[in-house]
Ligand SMILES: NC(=O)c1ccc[n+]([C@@H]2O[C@H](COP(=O)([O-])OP(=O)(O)OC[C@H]3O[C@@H](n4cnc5c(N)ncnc54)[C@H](O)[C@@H]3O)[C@@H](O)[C@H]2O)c1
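The form predicted on its own is given below as one chain in structure tokens.
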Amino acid sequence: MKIALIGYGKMGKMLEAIAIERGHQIVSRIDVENPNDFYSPEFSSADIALEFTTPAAVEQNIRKAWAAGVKVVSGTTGWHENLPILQRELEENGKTLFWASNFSIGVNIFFEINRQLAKIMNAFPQYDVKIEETHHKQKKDAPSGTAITLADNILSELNGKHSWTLSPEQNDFSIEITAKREGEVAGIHSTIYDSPEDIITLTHNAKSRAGFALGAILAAEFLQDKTGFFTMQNLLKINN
């Protein structure tokens, strides 16, 4: 498979290493220094583009890739409120996008466990839920896209909560998210259910970015013969 990289920082280089290890070819590397390469024959020869950049650039990057006839796997977070716009565009124009707030297999299993726990907790209103997340100091968005997806999954199942708020803003009807930025932490996410009698805590701790990168390559391989919009639930065959 021919792969183009959109964003060539730490994540882009890790994607490159894993893609080559799995037998794929990197045909284009686009970063802030060479945006005109979107219009190059090398980029348009790609089967898939892996887009890991910034919230300000992601929508433009996806559209440029589509214009070149290239499918996109994107892991950029901090812009998900605009995702439905691109979903409508791809449906109308026969384009392809695989988006995830987190490509780690373990995190997506964590998402599903939390969704099921939220269902159970409807019978036990004495437990109040909150989310804590910690990432490296270079991470630009807060809360993380993973924390937002986690909150949205809980909100879809848990009665009595209607939104999430970033600490210190909080109210009885919202899930409080606390976001910390420390050192080189790859990503720690915890869901905490607190009652007067006890505390239940579920935690996913990423050892490195390697799990995210491998998941993105698996998504690209999954996407080769498909058209439309896909998520990790499609890849992992998780049904709501």
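Quick caveat, the model's predicted, so the values are computed rather than measured. In this text, residue numbers run from 1 along the sequence as written.
Omitted from view is the form predicted together with the ligand, to which the following refers.
Against the ligand in the model of the complex, would Thr54 count as a contact residue? Criterion: heavy atoms within 4.5 Å.
Yes, Thr54 sits close enough to the ligand in the model of the complex that at least one of its heavy atoms falls within 4.5 Å.
Does Ser28 reach the ligand in the model of the complex, with heavy atoms at most 4.5 Å apart?
Ser28 lies outside the contact set for the ligand.
Using the partner position in the model of the complex, report whether Lys137 sits within 4.5 Å of the ligand, counting heavy atoms only.
Answer no; every heavy atom of Lys137 is more than 4.5 Å from the ligand in the model of the complex.
At the 4.5 Å heavy atom threshold, is Ile217 in contact with the ligand in the model of the complex?
Ile217: no contact with the ligand in the model of the complex.
So if I measure heavy atom distances to the ligand in the model of the complex, which of the stretches 156-164, 117-125, 88-96, 138-146 falls within 4.5 Å?
Going through the listed ranges, the match is 138-146.
Taking the ligand as it sits in the model of the complex, which residues of 185-214 have a non-hydrogen atom within 4.5 Å of it? Please list them.
Going through 185-214 in order - heavy atoms within 4.5 Å of the ligand in the model of the complex - the hits are Arg209, Phe212.
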